[in-house]
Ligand SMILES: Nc1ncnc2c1ncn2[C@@H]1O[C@H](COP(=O)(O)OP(=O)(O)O)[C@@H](O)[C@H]1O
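Shown next as structure tokens: one chain only, the form predicted on its own.
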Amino acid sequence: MFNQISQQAQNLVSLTTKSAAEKSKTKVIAITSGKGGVGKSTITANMAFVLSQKGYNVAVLDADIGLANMQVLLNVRPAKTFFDYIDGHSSLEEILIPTQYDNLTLCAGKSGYEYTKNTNSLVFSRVVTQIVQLDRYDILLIDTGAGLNEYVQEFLDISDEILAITTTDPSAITDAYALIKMLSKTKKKLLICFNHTKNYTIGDTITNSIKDLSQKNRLNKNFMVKYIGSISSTQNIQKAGRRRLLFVNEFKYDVATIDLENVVDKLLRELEKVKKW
């Protein structure tokens, strides 16, 4: 009985979100990973900056529950966070914080946050819906937590596009495949970007192997796994991070910066297929 009610509630949220999305220009992109430590948040922050420099009005929601670090990457000291709004202590406007970068807004998370037993994922997805309904941003990036828990799944369910960040580490690839298995039941597509790779071809080869495995295991044949690029390993990423700076801004001609700009261009082309601005 509980599962039936829960499913009905999720369907209601899905319908509400779909209606809001149809009326708003905001496109929602969830950036996720099955495994932690693959550089997902670093890529999200730098991707947001690249998009903002292209003239898009961008908001980043730090939805890594309990392990938020986007305020560090964007060098922001927020007085209010996403969870202050959830707990009823702040308004929506109070948690949408301008950054030092033009066209880039942060909705910060909180490290060590513990949600109550009465808090469920529908609360989090409702916040996304409300940000979309503002019709203020061109793009909302959701930096999800690692793993495939119910909170991550809720953010994935309501996103226009999902970008998985992974590495060539076997455990990371295994987790990426688990993500594909889950999404193939309800979604049409997953975009993949490899981080810390030596060249573009490596990611392409691994993605094709994942596709072959999906076919052998008879996953949804209409589900598309699309490789949109890789980010080369470079010490400049760590150098910028230690100084609370974005590597794409500090090292404009670094190979990793060029790689990420190419990934963003491909992502934008995918977004154009979803909904015209």
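Position 1 is the first residue in the sequence shown; the rest follow in order. The structure presented is a predicted model; accordingly, all values stated were derived computationally and were not measured.
Note that the form predicted in complex with the named molecule isn't included here; everything after this is about it.
Colleague: Which of these residues, V38, L61, I29, V248, gets a heavy atom within 4.5 Å of the named molecule in the predicted bound form?
Modeller: That would be V38.
Colleague: Exactly one residue in N57, Q53, S214, T234 has a non-hydrogen atom within 4.5 Å of the named molecule in the predicted bound form; which is it?
Modeller: Selected option: T234.
Colleague: Considering the named molecule in the predicted bound form, find the one stretch among 172-180, 192-200, 147-155, 129-137 with heavy atoms no farther than 4.5 Å from it.
Modeller: Result of the contact check: 192-200.
Colleague: In the predicted bound form, does Q238 have a heavy atom within 4.5 Å of the named molecule?
Modeller: Q238: contacts the named molecule in the predicted bound form.
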